[in-house]
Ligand code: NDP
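Shown here is one chain on its own, the form predicted on its own, set out as structure tokens.
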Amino acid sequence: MNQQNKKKQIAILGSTGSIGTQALQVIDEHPELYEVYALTANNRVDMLIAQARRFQPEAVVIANEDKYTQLKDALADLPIKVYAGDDALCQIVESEPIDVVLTAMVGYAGLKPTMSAIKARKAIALANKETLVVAGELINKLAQQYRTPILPVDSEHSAVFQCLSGEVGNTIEKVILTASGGPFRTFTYEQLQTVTPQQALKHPNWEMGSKITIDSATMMNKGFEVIEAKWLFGVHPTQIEVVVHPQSVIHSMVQFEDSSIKAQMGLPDMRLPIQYAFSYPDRVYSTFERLDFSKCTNLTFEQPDTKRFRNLALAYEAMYRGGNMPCIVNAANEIVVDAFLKGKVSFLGMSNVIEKTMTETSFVISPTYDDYVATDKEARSIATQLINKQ
């Protein structure tokens, strides 16, 4: 029984998505270290059922309440507690045995349960970008108030986090986030005008869900990471640089005041940053493929083009303006990505809608949680109207 207590109890918010499924692979590889306490999903009930039967968590939650009966009936023969709805998501993360909450939900929906987990003093393995993009100031204040560690899971932020290990008190000059450039890095502006969702969903280096893959193609993903970096590492917007590195071998870098640069390298595999967040401050053995320098002989770097990929510039603008502006950009982006995938807006048209939504949504310089909720609703409505007018 004592050995059982030593295992880290992990709750995975968004267990059926790309990050969630890879997190379960990490847990599967280290059953002596980790145990699944709770699994949650939004809609994919069949996958959640399969995961629950395989990992036997204490509890499962399906956000879509229409799927509750199906989930409960399918797990009736097991001693697993079954819940449904958004409130249940927030409540489950407060369960006392939980050590780490992996927030792997996509989009704005991750904000509220993450806040609940912080207040319950759970270590946060943060894979949900939008939480810090939308409400970075609020999240940072909560994390300080409740003394809750936030461990980044994004490969870029995990890289910076690893580069900063052992550097307490040393002045950061610059955080350098690397970007693959996505599938359209070499496309001309004219070529970008006719990009289809099918083309955009083919990322050259990473296997991700559709929302993040489109964000990567438009470079909004990198824009969000820039905003996140500001909050995670306490740096000024002028200290965050983006460098396009198509091979995705260097995951990010930190430059210090003595001009030294530290980089974290490895093959593109999200299981590594997930495992590091789970095991921190320790490193544990993995069977992940190793980087072979006899095959990796060409690492290149170039400047991002914010004329072709305007979303990166819009994200920087939102970060500089602060307040609820990043929340506005996030809401508009969620609407345009969905519209693009449904063929309702063009690839380049997404940036136009986001930019107009930034000018038309009410600006709040010092937003509360309720302001974020109102902003998200207003910005989504405006972005939807702009798309429908086209």
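Numbering starts at 1 and runs along the sequence shown. Since we're looking at a predicted model, the values are computed, not measured.
Unshown form predicted in complex with the named molecule; subsequent notes refer to it.
Taking a 4.5 Å heavy atom cutoff to the named molecule in the predicted bound form, the contact residue among 100, 177, 117, 89 is 89. This chain is drawn without the named molecule; in the predicted bound form, the residue among 138, 75, 208, 263 with a heavy atom within 4.5 Å of it is 208.
Heavy atoms within 4.5 Å of the named molecule in the predicted bound form map, among the stretches 302 to 310, 120 to 128, 289 to 297, 247 to 255, onto 120 to 128 alone. Among residues of the shown chain, residue 41 is one whose heavy atoms approach the named molecule to within 4.5 Å in the predicted bound form.
At the 4.5 Å threshold, heavy atoms of residue 18 reach the named molecule in the predicted bound form.
In the predicted bound form, residue 315 stays away from the named molecule, with no heavy atom inside 4.5 Å. By the criterion of a heavy atom within 4.5 Å, residue 63 is counted among the residues contacting the named molecule in the predicted bound form. In this stretch, 267 to 306, the one residue having a heavy atom within 4.5 Å of the named molecule in the predicted bound form is 270; the partner itself is omitted from this view.
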